[in-house]
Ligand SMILES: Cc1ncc(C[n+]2csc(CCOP(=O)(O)OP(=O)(O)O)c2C)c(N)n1
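As structure tokens, one chain now follows by itself in the form predicted on its own.
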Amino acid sequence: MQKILLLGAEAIAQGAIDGGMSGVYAYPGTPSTEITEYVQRDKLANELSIHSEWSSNEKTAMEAALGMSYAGKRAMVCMKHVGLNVAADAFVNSAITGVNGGLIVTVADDPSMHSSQNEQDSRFYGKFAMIPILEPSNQQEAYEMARKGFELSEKFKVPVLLRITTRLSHSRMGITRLDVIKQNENSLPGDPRQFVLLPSIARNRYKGLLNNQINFEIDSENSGFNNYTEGTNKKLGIIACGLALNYLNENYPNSDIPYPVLKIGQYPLPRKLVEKMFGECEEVLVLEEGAPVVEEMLKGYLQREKVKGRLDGTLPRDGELNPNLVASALGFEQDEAEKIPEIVSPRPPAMCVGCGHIDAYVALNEAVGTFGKGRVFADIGCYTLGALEPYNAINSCVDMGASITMAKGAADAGLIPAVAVIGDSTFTHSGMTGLLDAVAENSPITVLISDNFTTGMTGQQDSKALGKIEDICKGIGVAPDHIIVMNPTRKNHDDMVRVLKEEMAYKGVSVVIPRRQCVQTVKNKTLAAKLKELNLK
């Protein structure tokens, strides 16, 4: 086995390469930058055609990595701690969609703000998203966690957060490499609606994430990254998280620590090991880099038998509270007759009669059929309803702007052609940066910007894209010959299918704009005046 001298950031990159990674997506930010730079200059990574181009921002990086995961390949996304704020929308929702190929989110925190505007502990985000967290204590462990993180992600079908700090990222150690794992083949999700976060689907997937928490904890109990070292002096027990273990060892040069030590490298906390320490030690000292995340959790552990609520099952962990749930928590008996009656039968949402999105989807379905299903990535808006019967036209809806970047990531993974469907308002909200990423790499994707002149689903507010979409696309760099405006109507169906097929066969970025006014705005005189002024119809 080869041994090489690496920075912590470089060790993560090498571990990911050796772990079967097919792509790394990132926006540069100290102390995470060296991860992607290492992949970009690594000979083996180039031989394996591992994607390693920079993204426009952390959000587009997160979404593109999720798109590669959708296509079955292993991907890593890298950023610094404040970058996770930018990526939070996609990051939190990815815990609910889950993954197909393994996905590691590597975040480098910067305690003491060596090159940052705040101190922020990314473990809070991992705990909030309720996904496994890995925190290495040294560079060798960073290498092994990056390599094993893909396996952990695919085992539970969720992303895994790999959290490091400046000191580990920018210090060196000799690393022993393990065998290189072969990259995954392309594969589509077994559930075609896994990545479509319509409320009814999202609620079920959220319950699945909650039910998986016990499995995450059991895995932490058995993880080699967590271990308990016995000590002769039980007056004090020490919990050392990640890099903090080194600071403890430096105070005992011969590693002769008299106290029990619980090393934490994988979260959620291994409850049994924590209980063992509290059961035999008079006091517990928590050593952790960053915020007192574990310390606050342990103080909650101490009172767990006295406190009841959502954590112990007295109240359900998901959903809204209501008087009946509170009554049950108070121990009141409930009369069946007091339950709220179902007065109106539930009805699934549907697109309006006469909506232009309908005709666009009918044409898209026919065009996509030529290339195979499972390649249409959509976004948040009324057009998301294209996931439902009778259209079954889209395969994802993760967050605002994710359609273009997920299509790009899927294309990077070899799912070609890939199609993105996004609304005019969502495009200017957060789709433009994804289009910039695609143009920068000339990705073979077709983007449908369904333009209905308004922000339709939320009440027909003004769209910032009104009259500007073609110019924005040209300014970003889309070739003018591949920016095509269509009128989505039944009589234009054949032309739409022809154009879509041609653009999907094009080996680059193309934009098709199905343009037709939202039927809910036909009586809006203010909008009518704007459309006349802009010569739009």
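Quick note: we count residues from 1 along the sequence shown, nothing fancier. Quantities reported herein were computed from a predicted structural model and do not represent experimental measurements. Only the largest set of C-alpha atoms that superpose within 1.5 Å between the two forms is called the rigid core.
Below, we turn to the form predicted in complex with the ligand, even though it does not appear here.
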item	value
Three-residue site P28, H357 and G456 fully in contact with the ligand in the model of the complex at 4.5 Å by heavy atom	yes
Contacting member of T426, T165, Q139, S153, with respect to the ligand in the model of the complex [4.5 Å, heavy atom]	T426
Position in contact with the ligand when the complex is considered in the model of the complex, options R147, R74, K80, R123, heavy atoms within 4.5 Å	K80
Region of this chain that lies against the ligand in the model of the complex, out of 183-191, 440-448, 200-208, 417-425 [heavy atom, 4.5 Å]	417-425
The ligand contact in the model of the complex: N452, any heavy atom under 4.5 Å	yes
F377, heavy atom within 4.5 angstroms of the ligand in the model of the complex	no
4.5 angstroms heavy atom contact with the ligand in the model of the complex for T176	no
Proximity of L269 to the ligand in the model of the complex, heavy atoms at 4.5 Å	no
Partner contacts for 37-59, taking the ligand in the model of the complex and a 4.5 Å heavy atom cut-off	E58
Exceeds or equals 2 Å, Cα of P514 between this form and the one not shown, core fit	yes
Threshold 2 Å Cα movement between this form and the one not shown for H429, core superposed	yes
Core-superposed comparison between this form and the one not shown, A45 Cα displacement 2 Å or beyond	no
Relative Cα spacing, Y361 and P192, in the model of the complex - shift of 3 Å or more	farther
Residue pair M400, N85 - Cα distance in the model of the complex, closer or farther (3 Å or more)	closer
